[in-house]
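Just the one chain here, the form predicted on its own, laid out as structure tokens.
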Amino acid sequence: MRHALTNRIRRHRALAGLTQAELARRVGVSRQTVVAMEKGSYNPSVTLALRLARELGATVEELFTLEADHDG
């Protein structure tokens, strides 16, 4: 069984009143990386996940969820 990582980055970013570019600058990545994470096409490193959580005032667990993929 595989697990799919889902995230709530977009929701927490909006609640924090940040643009994708602002969040990217604060965590040290490109805006395109933030876009890819929000779309679910890029999974961040542990370090980046921790930076995101700190900047968004959330825990890593609030930002990311591991869901079972029953097709695998």
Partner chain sequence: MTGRKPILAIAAGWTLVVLALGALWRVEALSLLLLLGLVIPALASLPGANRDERERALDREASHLALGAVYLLAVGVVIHALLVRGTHPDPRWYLVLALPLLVRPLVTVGRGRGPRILGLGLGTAIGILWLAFALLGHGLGTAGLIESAVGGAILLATALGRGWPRAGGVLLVALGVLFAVMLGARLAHVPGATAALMVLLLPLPLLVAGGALLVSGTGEPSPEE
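Just so it is clear, the model here is predicted, and its values are computed rather than measured. Positions refer to the first chain, counted from 1.
If you look for the form predicted together with its partner chain, you will not find it shown, but the lines that follow are about it.
Quick one: does Gly40 come within 4.5 Å of its partner chain in the predicted complex, counting heavy atoms only?
Although its partner chain is absent here, Gly40 would stay clear of it in the predicted complex, with no heavy atoms inside 4.5 Å.
How about Leu50 - does it come within 4.5 Å of its partner chain in the predicted complex, if we only consider non-hydrogen atoms?
Output for Leu50 is no: heavy atoms all beyond 4.5 Å of its partner chain.
Even though the chain is shown alone, can you say which residues of 21 to 35 have a heavy atom within 4.5 Å of its partner chain in the predicted complex?
Heavy-atom contacts within 4.5 Å come from Gly28, Val29, Ser30, Gln32, Thr33.
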